[in-house]
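Okay, so here's just one chain, in structure tokens, the form predicted alone.
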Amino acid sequence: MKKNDVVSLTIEDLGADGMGVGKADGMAFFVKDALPGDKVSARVLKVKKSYGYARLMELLEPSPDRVEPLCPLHRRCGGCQIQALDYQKQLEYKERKVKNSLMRIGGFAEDEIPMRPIIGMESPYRYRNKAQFPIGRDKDGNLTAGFYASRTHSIIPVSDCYLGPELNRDVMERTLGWMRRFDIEPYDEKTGRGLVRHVLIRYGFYSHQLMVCLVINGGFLPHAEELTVSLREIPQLRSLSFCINRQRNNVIMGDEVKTVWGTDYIEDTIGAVKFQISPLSFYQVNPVQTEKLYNLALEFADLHGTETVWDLYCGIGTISLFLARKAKRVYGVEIVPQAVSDARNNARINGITNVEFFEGSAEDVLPQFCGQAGFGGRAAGDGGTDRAYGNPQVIVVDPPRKGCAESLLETIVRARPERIVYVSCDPATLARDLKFLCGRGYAMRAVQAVDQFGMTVHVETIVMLSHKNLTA
């Protein structure tokens, strides 16, 4: 088997990145846009020792689980990898993805995994409250906006993404019209010239408030008044700003935001808790599923009003404030200064006083208080009483995709909380970290996948662990 050979494959499964997997001559091939049950003709692109990659050339026989996607650009755009798969089958794939990661990477036997049925969406479209549209020019020099093609920085023009609210289209048409009218250049990654890099749109699904933030390669937004006049014709607009990013890298947002019109934030709610969301805030993109996820965090924490809780990677305090309603005291840790400021403000506007937020990495902050509070025992020299911060009964972690640093996991184990609630956006790093924790005195009590990202391969998972020697 070599490059450019054409093979016939029956697709048997989906890989972790959503590629179809089929076998020819004993070798597994990964094929983008192929689904389980498809029979395809594919051209070999790359061959490794025991597997290879191939390009879908012809769909010989479609899978019975294949559906007609809403978006005609789903194959070209890198956003919706599995939109052509029946939604119920998407859920089965994601649940299996979590379980397989726990077995393969975590080393857990299938009967050791207390897996609950995945929580899907009532409607897997129009759920995203945030969109970031790159701006550029096409091969003919025309101004364009959309999303990057898979594994590239080539912009696929998208006027209406079916995962976001319909008003995003109005925002983008007005913004591009303003750029054309005043000859405002998009940013060029190759030369580092041009002004507008991205347009960030955030929408409150419950407040119906709209934020627009232009990410620019400069410190001044020309003709801002004219853009304001145009966008204010959208009744939901509450905030217009620009974010300065002069760096020649792939990071979308800069550190400095300047408000052009309206407020510095929009508001939205999760359950009974109100949040102010700035352009730089981390906020879950699927508000309906997020409420379900946070209710699970509350259930898994099993709070009775007497517990001290540490919420690591707390962002703008979303989980912290949710838990504070039932806990004695909650401490949140977050590395992004703006997020910590937002978290403190969100506590204030909700009248929640039993929370405190610390700025810094969880890996650095928790060990400091581990020594101060005497986690795992009484603080030395205090006459047998806990110090101000107290020993935690519950630790919640919601890390980025890379998971938790081993030093943080070691500190958590030393703290010996009765329960750990682990929220993860990556099954692989989740499995790795659970292997560590379960090898050091903890046991999984519940594993729950939640579909936060319909039509994509991504899945959120929440796990409850308890200490074998502290709880039944």
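Residues carry their position along the shown sequence, with the first being 1. Treat the numbers as computed from the prediction; the structure is a model and nothing was measured.
As for the form predicted in complex with a small molecule, it is not shown, yet the points below apply to it.
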Does the small molecule, in the model of the complex, lie within 4.5 angstroms of each residue among I319, E334 and A362, using heavy atoms as the measure? yes
One residue of G107, P157, P400, G78 in contact with the small molecule, assessed in the model of the complex (non-hydrogen atom, 4.5 angstroms): P400
The small molecule: the contacting residue among I395, A327, L102, C314 in the model of the complex [heavy atom, 4.5 Å]: C314
4.5 Å heavy atom contact, F300 to the small molecule in the model of the complex: no
The small molecule contact in the model of the complex: Y162, any heavy atom under 4.5 Å: no
Indicate whether the small molecule has at least one heavy atom within 4.5 Å of a heavy atom of F282 in the model of the complex. yes
Please run the contact check for Y294 against the small molecule in the model of the complex: heavy atoms, 4.5 angstroms, yes or no? yes
Pick the stretch from 243-251, 227-235, 115-123, 282-290 whose residues have a heavy atom within 4.5 Å of the small molecule in the model of the complex. 282-290
